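Here we start with a single chain on its own, the form predicted alone, put down as structure tokens.
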């Protein structure tokens, strides 16, 4: 197909087995809806009212350590609890539920209230990577934890209740839906072809360089061919590693470097602090080797045009299938340019 940038078409996502409708001609339509202003007021290095700053009291009455680097604590308002008793219900296969145990943690990236990943030096982000690895290994070793989801919501638009640089970790008893979908597709691909789906896909993208945004020796960031969110990116390890705990020292440095590179580009493209949801998908912690897994991270940013349009999933996208107007090729080009 030669007219990716002109004709409406569907693109297949091999990670989930789902399709996305692409309508490149709609990017020129006029917009008369809500207009976003991205100007952000300067923040202090330390906010005495922030419940994540060092030494401050949190909402539940506990007090933070006077930390100087990365600080991890169990979420005071956790969505999951390790002590939840096992219960289940099933009414004819139509009303089905079972309890879920888990552990939820908060990871403060820095004692500085006014920073984000894009503002940090590589050694600072490397310390965050090390903390993620340590928590993945520790939480994943618990006998009832089968998946460790590391993620960050950045910006009020993405539901972040506090601007202090931080992320979260939800360790769950069962793999969540998106991880389970990817696990099935990666496993089926390995069984059918004898190779890794994401290794093969990355090799194709590195050759084409059409959707590649930036790279270093260990990681690449690209706009996936099947992207749904307007400036969605996929961060992939170049070596086949199933999870963070398999990264070498130099690869951990590479992960820190690529996270800075992509978040800086987001801020430059939109000339403002850029909202996104970012999360890592890696080997489930159920004791199996899961050689089909390939460490990767998804960035999902909601903005469609520079400081003007939100991209909510509405209408056809909720009732039919995901749909996008800005093609992955256009998005990658704009991210490369900055």
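These numbers come from a predicted model, not from an experiment. Residue numbers count along the first chain shown, from 1.
Not on display, but discussed next: the form predicted together with 5,6-dihydrouridine-5'-monophosphate.
J.: Just to be sure I understand the contacts: of 241, 160, 260, 212, which is the one whose heavy atoms reach within 4.5 angstroms of 5,6-dihydrouridine-5'-monophosphate in the model of the complex?
T.: Exactly one residue meets the criterion: 160.
J.: Which of these residues, 280, 51, 300, 270, gets a heavy atom within 4.5 Å of 5,6-dihydrouridine-5'-monophosphate in the model of the complex?
T.: Filtering the options by heavy-atom distance leaves 51.
J.: Applying a 4.5 Å heavy atom distance criterion, does residue 185 contact 5,6-dihydrouridine-5'-monophosphate in the model of the complex?
T.: No, residue 185 sits far enough from 5,6-dihydrouridine-5'-monophosphate in the model of the complex that none of its heavy atoms falls within 4.5 Å.
J.: Indicate whether residue 73 is a 4.5 Å heavy atom neighbour of 5,6-dihydrouridine-5'-monophosphate in the model of the complex.
T.: Yes, residue 73 lies within 4.5 Å of 5,6-dihydrouridine-5'-monophosphate in the model of the complex.
J.: Could you tell me if residue 144 has a non-hydrogen atom within 4.5 Å of 5,6-dihydrouridine-5'-monophosphate in the model of the complex?
T.: Residue 144: no contact with 5,6-dihydrouridine-5'-monophosphate in the model of the complex.
J.: With a 4.5 Å heavy atom cut-off, would you call residue 126 a contact of 5,6-dihydrouridine-5'-monophosphate in the model of the complex?
T.: No, residue 126 stays farther than 4.5 Å from 5,6-dihydrouridine-5'-monophosphate in the model of the complex.
J.: Please pick out the stretch from 172-180, 195-203, 95-103, 74-82 that is in contact with 5,6-dihydrouridine-5'-monophosphate in the model of the complex, where contact means heavy atoms within 4.5 Å.
T.: Looking at the other structure, the answer is 74-82.
J.: For the heavy atom contacts within 4.5 Å of 5,6-dihydrouridine-5'-monophosphate in the model of the complex, list the residues of 162-189 involved, in sequence order.
T.: Contacts from 162-189: 162, 166, 168.
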